[in-house]
Structures are given as structure tokens and as C-alpha cells.
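In the C-alpha cells that follow, a single protein chain appears in two forms: structure 1, then structure 2.
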Structure 1
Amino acid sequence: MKVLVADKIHEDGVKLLREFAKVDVAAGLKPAELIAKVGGYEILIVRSATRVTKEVIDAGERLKVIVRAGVGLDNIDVEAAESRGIKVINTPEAPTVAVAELVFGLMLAWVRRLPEADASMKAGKWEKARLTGSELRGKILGIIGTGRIGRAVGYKAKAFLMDLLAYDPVQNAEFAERTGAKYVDLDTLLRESDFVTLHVPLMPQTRHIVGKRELELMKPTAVLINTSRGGVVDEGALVEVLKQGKIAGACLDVYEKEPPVDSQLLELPNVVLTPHLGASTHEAQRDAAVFAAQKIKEAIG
């Protein structure tokens, strides 16, 4: 079994692959070089950089499995692969902890005013009184989407003594029982939550699931957190409600356009922004590579 690793993946994944296959690592190939090379391999592994087009798939005469070590499959022509009977695998479970921890990083940054405090210290000040914050304890966290990440956020929220509301067309009874989360409709969640966090995939049904109407249902003291995909929030409407003080703030890791150059978000004082760091931990990168190798082993039996 020959495996071509076409983007850089964590060494632990490569090591595992070498236990049962012959592995060539060749990151950074140009499209024509990949097309020339791929014919000799049964398995192709990529991350997000390499585009696995129909031409690549057609050239991969022996391909049985294409693996994206990571979440999205937008760089792979899945239809072309499946029409040839090639399995397409990804590792959506790898970044769950990383994204859930980032949600708490953002919420704590917000309530304890960490970005402001850090900037103030570095400006030579000592502003204890001005930088008084608040606590997560006893606050209501509304989780939109209780899949892997939404549930991981919910379990951690219990440790912070937060109360949970949840909205998802597919309710998870075990999660509700273990956390005390109450499933409600979206409008109720938006009206009652102190923090609203989004964990839905971007699809036609979830595009702008939080738009102007939804933002205006939120409390003036509430904070919106988005670490899922930029398009699930109407960013123009968000800028407006933030400017008008209709909600207190937003913590964002993802944007409708990335990077969000020229976005008014960059000029607002009541936002905490990170550059799509959700999955960017060493552990999540390692897990993506190791889970990819494990899934290949299972797929080829």
C-alpha cells in the first residue's frame, strides 16, 4: 500500500502510517507535479493547501482513499472521487477540544477585559479600578448547535457554573440530562442568554442564522461568540447593532471574508477578534494526522 502525503501533516501521523504502508511525503507540489505523481499511490492525504481536482483524481488510477486531515472538504472534488468509488475521509473530531477551549478563552477575555488590561499594562498604567470585570458564574450560555463542539462547550460551561440553553433541530437527550441544558426555540435562546455561541456548519439553512432580527432579540448586555463559520452571522447587521449598543459585544474567530480586511469590525472597541485560530493547537494538528492514519487503517482493513 503506497501513501502520498501531499501537505505537511504532524509527524506522529506519518509514523503511524509507516507501520502499515509505504509513505512518501511530498508537500508543496504544483498541480501538474501532483498529477504526474499521484498515479503510483492507493492513498492520498492532504490538508487544506492541496486542491484535489477532477484532473488529479483522474490521474490517480490506483486511488482507493483520499483523506483530508482536517475538517472541510472544500478542496476535494468529492463527487468526482465517489463516482470512481474512491472513499473520501476527513477528521472533523480533531479540533473539538481546541475550538471549545477557544470559546472559553474568548469569554474570559471578554468578562475579565484581558485585551484591554494587557494593552493598559504595556502603556505603563496600573488601572485596577477601571478594569473591573464580571464573572461567568450564574450567567446563561445559549448554544446554537449541540454537535461535537457545542456539547464540548456545554460540558466545560458546567464547570464555570453557567446555566445552559440550547437550540438544535436534533436534540441530544444525554447532553441535556448531563448538563441540565434546556432545549428551547432560537428566539427564546437569543432573548434569554447572556452569551450566545454558534456551533453550526455553514449551509444554505444556516447562512445568516443570526441576522438583524435575531441580533435585535438579544439583551443589550449580551455577547455573541462565533467560532463556527463567518457566514452564519450577518456581519453587516452585527456591526450595526454593536455600533448602536443594542448588544454589548462580540468575540469572533471567523469572518464572512477572511482575512476581514477593510471590515468595520476592526475599528470597534466592543469586539475581541482572533484570526480563525479555532483548530490551531499543536494537539489538534497532531490529532488530525493520527486520526487520519487510524481511519486509513480501518478503511483498507
Structure 2
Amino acid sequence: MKVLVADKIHEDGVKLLREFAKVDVAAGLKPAELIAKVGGYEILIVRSATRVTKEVIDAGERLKVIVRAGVGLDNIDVEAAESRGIKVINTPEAPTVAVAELVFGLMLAWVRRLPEADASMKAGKWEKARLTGSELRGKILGIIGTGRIGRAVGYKAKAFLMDLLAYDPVQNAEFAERTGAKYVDLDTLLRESDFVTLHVPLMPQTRHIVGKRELELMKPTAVLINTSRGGVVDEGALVEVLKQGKIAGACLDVYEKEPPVDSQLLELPNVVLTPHLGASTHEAQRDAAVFAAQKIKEAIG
């Protein structure tokens, strides 16, 4: 078996792959270069940077498995792959802890005004009184999507003594029992939550699941958190409600266009922004690569 690794993955995953396959690492290929190269491989591994289009799949005459070393499959034409009988695999379990911890990093940065405090100190100021914050304790956290990451966020929220609301078409009884989370409809969650955090994949039915109507249901003191995919939030509507003060703020790690060059979000004072860092921990990167290698080994038998 020949494996083409088209995006950089952790070396531990590459080592494991080399135990049972011939591996070529060629990160940063342009679309035309990938199309020209992929024909010689049975297995293609990507992360988020490389788009596996129908043209790439058609050129991969020998492809048997396509792997996304990470969450989601929105950069892979799954329909085109499956029509050819090609297995499509991802590793959604790898970044669970990393993303859940980032959610709390963002929330704590918001409630304790950490970006402001850091900038103030570096400007030579001591603004202790002005930077009085608030606590997560007793706040209502609304979780949209209770898959692996959504549940991990909920379990951590209990340690912060937060109350939980959840929305998911598929309810998880064990999660509700362990955390005390109450499953409600989306509108109720938006109206009642102090923080709303999104943990859904990007697909046609979730695109702009939070749009202008949904944002205007939120409390004026509420904060939106998105560490899933930029397209699940209508960014234009979000900018509008933030400017108008209809919600207090937003903490964002993902954007409809990445990087968000020229986005008005960059100009707003009531946002905390990070550059798609959700899975960017050493542990998550290693896990994604190792899990990908293990799943490939299982898939090829």
C-alpha cells in the first residue's frame, strides 16, 4: 500500500504508517499538483488545508481510503468518494479535550477580561477597579450539539458550577443524567442561556443555524462561542447584533472565511478572537495522526 500524506501530521502517525505501508509526505501541494500526484496511491491523508475535490478523487484511480486526520469532512467530496467505493474516515475523537478546554479558555478570557487586562498592563497601566469581571459559577451554558465535544464541555461546566441547557435532535440520556443538563428546543436555549456554545458539524442543515433571528433571541448580556465551523453562524448578522449591542459579545475560533481578512469582527471591542486553535495542541495533533494510522490499518485489514 502506498500512502500520500498531503498535509503535515505528527511524526508518530507517520512512523506507525511506515510499519505497514510506503509513505510519502508532500504537504502544501497546489490543487493541480495533487491531481497530478494522487494517481499513484491507494490511501490519501489530509487535514483541513487540502481540499479533496471530485477532480482529485477522479484522478486517484487507485484510491481505496481517504482520511481526514481531524474532525469533520467538509473539505472532502464524500459523495464522489463513496460513488467510487472509496472509504472516507476521520478522527473526531482526537481533538475533544483540546476544543473543550479552549471553550473554557475563551469564556474565562471573557468573564475575567483577560485580553483587556493584558493590553492594559503592557501599556503601563494598573486598572484593577475598571477590570472587575464576573464568574462562571451559576451562569447558564447552552450547548448546541451534544456529540463528543459538546458533552466534554458539559462535563467541565459542572466543575465550574454552571447550569446546563442542551439542544440536539438526538438526545443523550446519560449526559443529561450525569450533568443535570436539560434538553430544550433551540429557541428556548437561546433565550435563557448566558453563554451559547456551538458544537455541530457544518452541513446544509446546520449552515447558519444561528442567524439574525436566533441571535436576536439571546439575552443582551449573553455571549456566543463558536469553536466548531465558521459557517454555522451567519457572520454578517453576528457583526450587526454586536454593533447594536443586542448581545454582549462573542468568542470565536472559527470564521466563514479563514483567515478573516477585512472582517468587521477584527474591529469590534466586544469579541475575543483566536486563529482556529481548537485542535492546536501537541496532544491533539499526535492523537489525530496516530488514530488516522490505526484506522487505516483496520480498514485495509
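Under this definition, the rigid core comprises the largest set of C-alpha atoms superposing within 1.5 Å between the forms. Residues are numbered by position in structure 1's sequence, first residue being 1. Shifts are known only where both forms have a C-alpha. None of the values given here were measured: they were computed from a predicted structure.
Only structure 2 of the pair represents the form predicted alone. For the relative rotation of rigid parts between structures 1 and 2, the listed residue sitting on a hinge is E283 (options: E283, I209, T221, L268). The smaller of the two rigid parts, set against the larger, turns by 16° between structures 1 and 2. Its Cα shifted by 4.7 Å, I86 is compared between structures 1 and 2 on a rigid core fit. Segments of 3 or more consecutive residues in which every C-alpha moves by 2 Å or more between structures 1 and 2, counting only residues present in both forms and fitting on the core, are 1 to 90, 292 to 301.
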